[in-house]
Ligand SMILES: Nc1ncnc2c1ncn2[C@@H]1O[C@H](COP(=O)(O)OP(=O)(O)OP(=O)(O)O)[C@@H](O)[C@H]1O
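Here you get one chain, nothing else, as structure tokens; it is the form predicted alone.
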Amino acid sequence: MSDRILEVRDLTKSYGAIMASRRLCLDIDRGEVHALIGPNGAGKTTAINQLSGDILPDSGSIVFDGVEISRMPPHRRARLGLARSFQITSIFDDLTVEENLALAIIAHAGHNFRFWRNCLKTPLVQRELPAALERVDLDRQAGTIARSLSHGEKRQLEVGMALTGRPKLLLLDEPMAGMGPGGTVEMAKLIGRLRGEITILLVEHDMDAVFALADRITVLVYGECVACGTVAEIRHHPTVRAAYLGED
């Protein structure tokens, strides 16, 4: 088995005259937290949407765990072990925390077809739900309606739902966006606990969090990779400092 779980080569995507991805190359190793950073408009979300299959590239290749997935629909990528979160939280606001997780567990296991049975009574859910709640530190909020959660807790729930599928690679698209300091700390702790267990591609503007969590960082400017390296290498890279981090 290769140590590399994702290999992206010459990924290109344009919208008219705007080149959102410009021959993008990206390598991610198993078990690492790999951050994708860049100024607004650098093409980070376009890149992650192409990896998840929400949009298709104009050209280039994406190989995930040894399988070419460049033209593969999102649901097939998910079955291979690729999961993601979104900038805008995607949960069922009118259901409880445990009901959200239960539906995710059932969905990842395949259709249940027992339409009139309480999903919380399903043997599979009863086996897996306690660990799913504890994993994202929401066991005390199990019966809380999702709408009542803080923004940070909603983010934790969304990540928890993605984790029920036991992904090999988790794409996190700005998981700390809109959070206060407390929520940011909790999400950073969650990502830290997942390090080494699940490979993570982290798109994030919070540079303190990126530098604290990432094993390696890739920097995008105008859809193109301008640097890739460790935190120390990126901190002192002259092109990165000029284009994104600033001289200070």
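The model shown is predicted, which means the values in this text are computed figures rather than measured ones. Position 1 is the first residue in the sequence shown; the rest follow in order.
The form predicted in complex with this ligand exists for this protein as well; it is not shown, and the discussion that follows is about that form.
Just one listed stretch, out of 60-68, 22-30, 35-43, 175-183, contacts this ligand in the model of the complex at the 4.5 Å heavy atom level, and that stretch is 35-43. Contact here is defined as any heavy atom lying within 4.5 Å of this ligand in the model of the complex, and by that definition not a single one of Arg135, Met207 and Phe211 is a contact residue.
A residue is said to contact a partner when one of its heavy atoms sits within 4.5 Å of a partner heavy atom; Ile18 meets this definition for this ligand in the model of the complex.
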